[in-house]
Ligand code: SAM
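As structure tokens, one chain now follows by itself in the form predicted on its own.
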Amino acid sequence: MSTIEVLRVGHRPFRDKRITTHVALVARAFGASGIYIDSKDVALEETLSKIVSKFGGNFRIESGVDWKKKFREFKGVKIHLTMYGESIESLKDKLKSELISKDSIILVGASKVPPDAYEISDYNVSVTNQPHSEVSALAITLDRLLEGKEFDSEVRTGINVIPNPRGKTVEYIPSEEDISRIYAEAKLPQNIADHSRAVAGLATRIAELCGANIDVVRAASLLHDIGRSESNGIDHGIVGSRILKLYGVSERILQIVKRHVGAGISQDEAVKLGLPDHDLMPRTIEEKIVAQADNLFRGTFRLKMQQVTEIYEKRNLHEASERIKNLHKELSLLAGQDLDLITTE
């Protein structure tokens, strides 16, 4: 499916701010990639930008746009929502077939839409021929065109609301801007920050190839060594998890940070090492990816698997060496190629 954008026409900043905000929120939540607003409204842009920053994603907002120029020059499918148009039900199959290969823009009016909109449009589309809200019209149109794909569970940086039959459950995946702030506040040494970014580059690529959650992996790999701001010992994963808990970071990321050392630490080994009596073995695919990407770096220098196992064997850490080899094989199989061959450029 190509991208869908929304064009808001007739916005009156002192009268329509709330309803235009709702149009934009529906556009974002129901799968559009951005919204253009004809009247310049800095306050509205700031409000919407804060929402995007808080809840994540790459939704774009631009106000003060020459709507006629934008609409006329748009290279894809031009759709105008109006109660006087053809039924969305009669047009949806035709529109969906066009949107497979073409981008689209949906014009949504606030006050009375100029007649030019009807002439420029490829399609004038109605969601019933009865008066109702442009917010509902846009929501129904996007839903018909995207066939419910907008409701697919997507975890991304920012605050994610997790479906829950009772109560309220949210998950916070820090953005890279948030992570830079955490680095600064924790006074993370620059060499550790550089190492973390190198690990994140590889981990993100492995996540793409393995079908893992990219945003979770990237955030966790950037934060995996945050505990080294306080400890360079084998407990730095535990320390890092504790630090990040204070920021309200997702439990999934806390577990990745806690379990990233080597290819994991068993509960018995944890006790012998003086760590909390916990199983610190990576279990989820995201936990395994970050652990192994970290194993393949010394600082910012990329190692081959054989070099890693040689280091562990020289330290007589035979069991850990074997675990790392097994983890490497498992992820290479999932990725469809040996991790040593994966590039990040």
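One rule holds for the numbers: they count along the sequence shown, beginning at 1. Computed from a prediction, not measured in an experiment: that's the story for all the values here.
Form predicted in complex with this ligand: not shown, discussed below.
Just one of S104, S229, T82, S175 comes within 4.5 Å of this ligand in the model of the complex, counting any heavy atom, and that one is T82.
Just one of A270, L91, L142, A110 comes within 4.5 Å of this ligand in the model of the complex, counting any heavy atom, and that one is A110. In the model of the complex, this ligand lies farther than 4.5 Å from every heavy atom of N191.
Heavy atoms of D235 never reach within 4.5 Å of this ligand in the model of the complex, leaving it off the interface. Within 4.5 Å of any heavy atom of this ligand in the model of the complex lies no heavy atom of Q255.
Under a 4.5 angstroms non-hydrogen atom cutoff, this ligand in the model of the complex has P131 among its neighbouring residues. The stretch among 261 to 269, 206 to 214, 175 to 183, 120 to 128 whose residues place heavy atoms within 4.5 Å of this ligand in the model of the complex is 120 to 128.
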